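Single chain ahead, written as structure tokens, the form predicted alone.
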């Protein structure tokens, strides 16, 4: 008899339900072939939750997430025009995503930036730069910094509108995410790029001081310091130099999206948001309301988030690796989704549900083998 897991499923907005429908098929297959039981509990979250419940992160959803072993979250948010119908404090990012992170202190964000050599044609980078593919793990601090610091806006004594936003970190917040990054680097190539801006920001000076203390516990890991603006350039000119990268919240937000750019699409970027007691898993991209309902969204990031959940929250490493293998095999067989159709003229472009069918068919064969 396999294990039993309770999973909160937050489908989200726009394309969220479409790609989530493909992702959750993996759980049924694992129940069939491995006898693991997955209790999937759907709950409202995001902009549509506000319209139906008056809150983007309703109390009933909070209770479901509290009792779950892990949370699987789709993208949230509506178009700019539709978002204006929601009070600013309840708009999906402020009213749902940030409170979710704060509730479970999901301080470590894992964002794999990966293309196999056989998928390298998806990248807009030149073949001679990308010939060996890309394999980067970006670790982003997720619950501190500018996004979570005190905020104030108003009109000053001169009658000018102003805003104050504070970038706030303490050494404990920095230390815990750096420890995660060193552990990941030690388990991979023992190479860690520390991304900072210490020539300008005092927060980076503290970050680097704490890093020097943490590195004493990881003598086998080589640390390569790099300014964030230089790192942005280097990711385009020579992404192969990177293995594990670690950085504060806003730097990670920006560079991880650039990671999607060098892959060819944010649709290739799943992620894990890990706290001391619970984690949630989500695509790194937005909800793409402009293509919602068209059955053309790429479900790779959503299915990949399931793969990360299986390994990191359920301890099912073998099953996780088979999900990754199934997805890669679909692309490597010459299929693609609309967001990647420029990445090879011979590619056979398929819909959201057909891509899901192909992944499930391959995964079914791998699990039977």
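All values derive from a computational prediction rather than experimental measurement. Positions refer to the first chain, counted from 1.
Heads up, the form predicted in complex with a small molecule isn't pictured, but that's what we're talking about next.
Item to check | Check all three, 101, 111 and 284, heavy atom within 4.5 Å of the small molecule in the predicted complex | outcome: Affirmative, all three are within 4.5 Å.
Checklist entry - Which residue among 97, 72, 115, 181 has a heavy atom within 4.5 angstroms of the small molecule in the predicted complex? => result Among 97, 72, 115, 181, a heavy atom within 4.5 Å of the small molecule in the predicted complex occurs only for 97.
Next on the checklist: Between 107, 218, 169, 147, only one gets a heavy atom within 4.5 angstroms of the small molecule in the predicted complex; which residue is that?
Outcome noted: Flagged contact: 147.
Item to check | Partner-facing stretch of 199 to 207, 89 to 97, 238 to 246, 181 to 189, counted where any non-hydrogen atom is within 4.5 angstroms of the small molecule in the predicted complex | outcome: It is 89 to 97 that comes within 4.5 Å of the partner.
Checklist entry - Would residue 193 sit within 4.5 Å of the small molecule in the predicted complex, counting heavy atoms only? => result Judged by the heavy-atom cut-off of 4.5 Å, residue 193 is well away from the small molecule in the predicted complex.
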